[in-house]
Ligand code: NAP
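Only one chain is shown below, in structure tokens, and it's the form predicted alone.
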């Protein structure tokens, strides 16, 4: 009987996810060997501070601050450092020395993925990144492999657990944004600096990756329209609930044609109203879900934990086993499938509905003037609700209007809102949010 091969695994980073990956590699070594056909030997863990305290107890001799030497001697490299540099340089060095790479670095992939893919192809190694999107949810491999014989037309998903937790808290408890954010930070869902999450940047990076795989074209971060949730108020949440909607931060990538008939892909991230009966509306807490529409498969949804050390480590180990099997069995590395060159369309080309909140003068003819202005811009109104308010100090009455439009081009919808602002009967536009699933 031939001796089982040993593959050296270098781990870059030992944070929450990295520590769990190291633990699984050590604790489940025999099981992983049986699934892989080779022993996966954790040869070292590169960190900035080898003496820092960690939640998982790991052998002290594994730690090193010399990441470059570690990756040059590895068969497989797991990059969980995050950020652009030195992660980018270390990944390129690893591939140039013949190592396949597993990464969860969505920011790097969204910014400089083409360079990494090209280097992996040139070096005949594998670049895998299932953990970069939606944590433990196996979404990238199904898109790349299971749906490779189909045509995906639309992907929309909740891909950031922090923002979903915040919006869910606001919806279920009536909390203000700041209070819901503070609770997310207390529970460890949000960082001390939550900008990347609440302003949508994290979701935008994931949207670029999902779009690239779904439409076989390389999309970068700058191709993604991005709005965060920091402007979503408790009043918005309450009004949405009253109308039968829930607000979610969605990443959306869809194939469509612009007004000139040019086909392209719109990739966008923004707060979105969903009907409460929509499958994504039921995604609570810090969970993630991705909803896919394909020509032949129809509608599919993938749901699970989108963050956390152990769930994300599961995705990393799945990629690692796949890459190790390729080394054992031979064959070319698998990175991406970019067989097309579909252009990225601007947000103005997308087709959606708007939810518009208006504070207006309570006087005859206001509704007619607003409806006429909408009609002039080719936008029809589906729902209009009016509530009368009286100011306690001035005793002046005003009306709060909540309007949901029929689907129309973003360009027409945004032009309508700008025109409405110019009406002398409009006190203020209190909110503008997009609506999907109606």
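It should be emphasised that the depicted structure is a prediction, and the values quoted were computed from it without experimental measurement. Numbering follows the first chain given and starts at 1.
The discussion below concerns the form predicted together with the ligand, not included here.
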Notebook entry, point to check: Does the trio 46, 104 and 308 actually contact the ligand in the predicted complex, every residue with a heavy atom within 4.5 Å?
Noted result: yes
Next item on the list: With heavy atoms only and a cut-off of 4.5 Å, decide whether residue 131 touches the ligand in the predicted complex.
Entry: yes
Notebook entry, point to check: Does the ligand get within 4.5 angstroms of any non-hydrogen atom of residue 81 in the predicted complex?
Noted result: yes
Notebook entry, point to check: Quick one: does residue 353 come within 4.5 Å of the ligand in the predicted complex, counting heavy atoms only?
Noted result: no
Notebook entry, point to check: Does at least one non-hydrogen atom of residue 430 fall within 4.5 angstroms of the ligand in the predicted complex?
Noted result: no
Item checked: Interface segment, criterion being heavy atoms within 4.5 Å of the ligand in the predicted complex, picked from 228-236, 81-89, 165-173, 293-301 -> 81-89
Next item on the list: With the ligand left out of view, choose which of 420, 9, 25, 17 has a non-hydrogen atom within 4.5 angstroms of it in the predicted complex.
Entry: 17
Notebook entry, point to check: So which of 272, 312, 214, 126 reaches within 4.5 angstroms of the ligand in the predicted complex, heavy atom to heavy atom?
Noted result: 312
